[in-house]
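Here you'll find one protein chain in two forms, each presented separately as structure tokens under the names structure 1 and structure 2.
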Structure 1
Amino acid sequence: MKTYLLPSLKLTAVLIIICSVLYPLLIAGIAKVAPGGGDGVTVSSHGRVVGYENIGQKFTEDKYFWGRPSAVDYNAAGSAGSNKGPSNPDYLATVQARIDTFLVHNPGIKKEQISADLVTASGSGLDPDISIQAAKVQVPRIAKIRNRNEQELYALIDKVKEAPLFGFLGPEKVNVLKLNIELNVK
């Protein structure tokens, strides 16, 4: 037993130092050289910080573009999904309620035109982006409320859209916070 106890205690001590000290220091060092210095990339409007680039926010007023629903009500301290599968009756009822709400606020839009990312939450519950289709389907509502030309809003979407990662990984997307800030500029 003695022959196994000493090596196992040494290995435990080495792993504690690696996993509890060295690895966290390495990750903290990498974060310090990343954009935002490890504190997140802030988004400002009129000289004041209004949010973070990679954390979604809740927009419910009809005069703004709506983002992706959140299973955690956009609480960045508790990132999580709903953990309900696509056949779960509660989940299906939640999605149907989101569809119904969207249709009430967007008259003239058909159910088939609603992008899935407008009625389903992301895995983190904090997705700041929506698809181009999800942004464009909201244009008639916003144009009417703000008394603006729809073509102007389509151009605004094109202005703030982001290309796929490395030019080919994933779809084009729109950061909802940045889009709504641009919407308020004019």
Structure 2
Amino acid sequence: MKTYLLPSLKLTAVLIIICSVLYPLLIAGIAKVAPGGGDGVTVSSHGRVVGYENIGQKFTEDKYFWGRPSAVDYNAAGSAGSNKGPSNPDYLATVQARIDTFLVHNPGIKKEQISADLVTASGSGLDPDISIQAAKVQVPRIAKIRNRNEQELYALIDKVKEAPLFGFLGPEKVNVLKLNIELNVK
């Protein structure tokens, strides 16, 4: 064992320099020319930085599209899912309460129209997206409060929504923050 200790020690030092110093510095350097410069990509509204493109935000006011429930209340200082099991009675009661709350805020909507992503917490607690159906079901509420034409809002969703990758891989979705920024434009 002694024969191997000194070479091992030296090799460890060399590999720390390569893998933990040079490699991250190289990637940080390359990231300077990437969108956001390696600091994360931000988005602005009316000249003010209002958040990160990929990080979801909490929307509780009726005039905005809501995102998904979050186990960390959308504070990206941390990240976590609820870790509730599918048969947990407390968890199922929470989901039922979210459905009831949604129906109160969205009169005229039937519960079959509520997409499950609106009442279940995401894995990261920071999910920036909702499904198209989850956005559409909120249109009547927002149109009424903002005094706008529903068709116009459906068109807005179509404009902001993101197609599957290359048109055929993965789900269709809409970024809630971007949608709400567009909503505020007018």
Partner chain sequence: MNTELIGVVAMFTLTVLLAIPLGKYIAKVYVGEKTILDFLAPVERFIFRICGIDSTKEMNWKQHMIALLSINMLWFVYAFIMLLTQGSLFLNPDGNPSMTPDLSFNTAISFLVNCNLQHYSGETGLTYLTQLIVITFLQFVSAATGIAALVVVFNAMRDKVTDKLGNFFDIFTKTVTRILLPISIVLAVILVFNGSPASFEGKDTITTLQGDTVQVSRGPAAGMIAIKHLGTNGGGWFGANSAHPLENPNYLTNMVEMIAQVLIPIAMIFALGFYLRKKRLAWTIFGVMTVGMLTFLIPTMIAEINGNPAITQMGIDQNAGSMEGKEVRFGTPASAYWSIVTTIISTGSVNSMHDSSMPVSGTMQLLGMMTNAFYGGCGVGILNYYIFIIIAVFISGLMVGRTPEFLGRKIEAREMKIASIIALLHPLLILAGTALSSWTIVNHPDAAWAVKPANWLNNPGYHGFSEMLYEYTSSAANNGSGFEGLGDNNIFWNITTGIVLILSRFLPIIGPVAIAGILAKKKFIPESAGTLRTDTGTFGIMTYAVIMILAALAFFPALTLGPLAEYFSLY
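Here, a residue number simply tells you its place in the sequence of structure 1, counted from 1. As the structure is a computational prediction, the values presented were derived from the model and not from experiment. Think of the rigid core as the biggest set of C-alphas that the two forms share within 1.5 Å after superposition.
Engineer: Mind telling me which structure is the form predicted alone?
Structural biologist: Note: form predicted alone is structure 1; the other is not.
Engineer: Determine, in Å, the CA shift of residue 18 between the two structures after the rigid core is used for superposition.
Structural biologist: Spelling it out: core superposed, C-alpha of residue 18 shifted, distance 7.0 Å.
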